[in-house]
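Next up is one chain by itself, shown in structure tokens, the form predicted alone.
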């Protein structure tokens, strides 16, 4: 059977990127290399917030200089990471909000990588990135891979799937197939299966086996509101290096198909999380 593939992977880089950016770019480049994919860097230069009718010229110039310094540094790190992996790349440097940049460019990609933001992060709020993941996952139409501070580079080998049979969870599994087929260990976790017919996750396990993915099924009794902590604990126990899960929202995605697990994971994220809407 042919292996599923990502051909275009995009990563967003912002002015507020910190010391973890080299590790995140290393992860993105290694992922692209492992999937034989093209890597696209998306850098945005945010506009100053219109908090008053008049902004002093020196403030505007200082903001422009800060954006320029950040853009040059990000491009240098991006090029270095790509060169180390020997991958093909593109670079977009665009004025405007992070959301605008991502929506314009990332819809032509198979996967978008974003830096995870802890809710309440003031720096991310100042640069219009605090709720970027929330907004993008609903509007983009592509899977998003959220990165913790400094992820370990390379293709994920141990993957945990959060599963409850919903449309969103099914979408996430489908979108993660290129990674699932390259993993060495895959676990399907079903939380709070009461009321479901048959063995929860059994159909998914059979489907994955036909995709050359050998998956272990794990059923955990628990309340829906505890799904986030159960997911995280299981990921730690299994030493997972990727979590795959679905997400839904009606103007907000802090609730997921697993009953609030997205909000929990965003606040306590310790591993990369791929989720789809």
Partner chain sequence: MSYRDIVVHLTLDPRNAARIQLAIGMARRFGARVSGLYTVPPPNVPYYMGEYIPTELIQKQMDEAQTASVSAHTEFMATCASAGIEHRWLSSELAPVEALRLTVRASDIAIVGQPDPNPADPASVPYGTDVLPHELALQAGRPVLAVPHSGSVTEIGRRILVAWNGKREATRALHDAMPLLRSAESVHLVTVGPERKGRTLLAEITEHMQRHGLRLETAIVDPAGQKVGMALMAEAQARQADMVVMGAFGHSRLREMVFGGVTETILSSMSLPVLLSN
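What you are looking at is a predicted structure, and each value in this text was computed from that prediction instead of being measured. Residue numbers count along the first chain shown, from 1.
In what follows, reference is made to the form predicted together with its partner chain, a form of this protein that is not presented.
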> Where does its partner chain sit in the model of the complex: which of 211-219, 54-62, 232-240, 24-32, heavy atoms within 4.5 Å?
Replying inline: 211-219
> Is it the case that 16, 45 and 134 all touch its partner chain in the model of the complex, with a non-hydrogen atom of each within 4.5 angstroms?
Replying inline: no
> Taking 4.5 angstroms as the cut-off for heavy atoms, does residue 85 touch its partner chain in the model of the complex?
Replying inline: no
> Just to confirm, residue 165 within 4.5 Å of its partner chain in the model of the complex by heavy atoms?
Replying inline: yes
> Does residue 170 reach its partner chain in the model of the complex, with heavy atoms at most 4.5 Å apart?
Replying inline: yes
> Looking at the partner-bound form in the model of the complex, is residue 139 within 4.5 Å of its partner chain by any heavy atom?
Replying inline: yes
> Which one of 72, 80, 104, 150 is close to its partner chain in the model of the complex, taking close to mean a heavy atom within 4.5 Å?
Replying inline: 104
>> Going through 98-113, which residues have a heavy atom within 4.5 Å of its partner chain in the model of the complex? Please give them in sequence order.
In response: 100, 104, 105, 107, 108, 109, 110
